[in-house]
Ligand code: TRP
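Only one chain is shown below, in structure tokens, and it's the form predicted alone.
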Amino acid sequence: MGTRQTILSGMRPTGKLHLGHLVGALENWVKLQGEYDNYHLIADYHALTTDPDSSRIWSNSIDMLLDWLAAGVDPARSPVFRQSQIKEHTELHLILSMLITAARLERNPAVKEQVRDLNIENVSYGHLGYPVLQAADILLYKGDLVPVGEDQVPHVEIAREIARRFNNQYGAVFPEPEPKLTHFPRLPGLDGLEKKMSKSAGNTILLSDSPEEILKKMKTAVTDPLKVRRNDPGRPEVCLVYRYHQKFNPSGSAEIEAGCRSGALGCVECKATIAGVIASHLSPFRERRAHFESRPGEVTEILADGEARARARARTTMAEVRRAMNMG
């Protein structure tokens, strides 16, 4: 066990997850859980950085956890836990916040992007510093690797800088975490290739959507603006629906491409095909989700067990931190 590398990854609890989460994170988590020691964090404190209303955090956390379990995250191998239940996250966050300047945090492109996307007028102190809390999340479990999409790499860079600074100042406690880029990091939303799938944009297909809902949503998907009528030749490279074919229907995508270019394949038919493929791809997922949904007690137990295991690991790290700092 000791030689395996550790991965920490997590998500803010925003409720039910969508296809973007599946291809950007969950598939990767499931694939990695045999090779690494994985820790999966429900980042409920992070959720407060953009919305201080905490009334939905618990229900959103459970909805998200159901999707994790349904996607194949195995809690026996990979502890799942809420950040707020392991107080060492806040303790380490406070210590690490002494090791980075406000100016450095203000230069972080990921926060700038979020402020722009969410139209935030005044950035809170906690929001500006959330990469420091993220660094604490990773370093607490001595994460070697952090699976991220390319937009999150700046955060991992901040965690590396902070780990380096701590080790130089107090002695070697933390490994410098490396970003582990996912191969298919960004799934575009239904409203266009350059739009990221996200709940706030209302352009998502949820993992728990029924086949009927998937078809209904897919009908609204943006296609090649020059392909107006059925027999018009299309350009698959500018079409969002073709991108979904490449991901979820790889064996059929060459045929789809040819039909689109020649004009033989109409958009309506093409959308119906991919909606069916995605629905059947998600069918085992929906079954597993229903299984866990009908057993709320089991889900709470899974969470309590994950939290106990994460807490034990976090306590060990914090004991080393205090020893290194002579703050015993």
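Bear in mind the structure is a predicted one, so any value in this text is a computation, not a measurement. Just count from 1 along the sequence shown to find any residue number.
The same protein also exists as the form predicted in complex with the named molecule; that form is not shown, yet it is the one meant from here on.
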Between the named molecule and 19, 190 and 203, in the model of the complex, does every residue show a non-hydrogen atom at 4.5 Å or closer? no
The named molecule in the model of the complex has a heavy atom of only one listed residue within 4.5 Å, and of 80, 162, 138, 256 that residue is 138
84, 208, 223, 152 - the one with a heavy atom within 4.5 Å of the named molecule in the model of the complex: 152
Based on heavy atom distances of 4.5 Å or less, which listed stretch (297 to 305, 36 to 44, 257 to 265, 51 to 59) is in contact with the named molecule in the model of the complex? 36 to 44
Could you confirm whether residue 9 comes within 4.5 Å of the named molecule in the model of the complex, counting heavy atoms only? yes
Test of understanding: in the model of the complex, would residue 174 fall inside 4.5 Å of the named molecule by heavy atoms? no
Report whether the minimum heavy atom distance between residue 146 and the named molecule in the model of the complex is within 4.5 Å. yes
Is there a heavy atom of residue 130 no more than 4.5 Å from a heavy atom of the named molecule in the model of the complex? yes
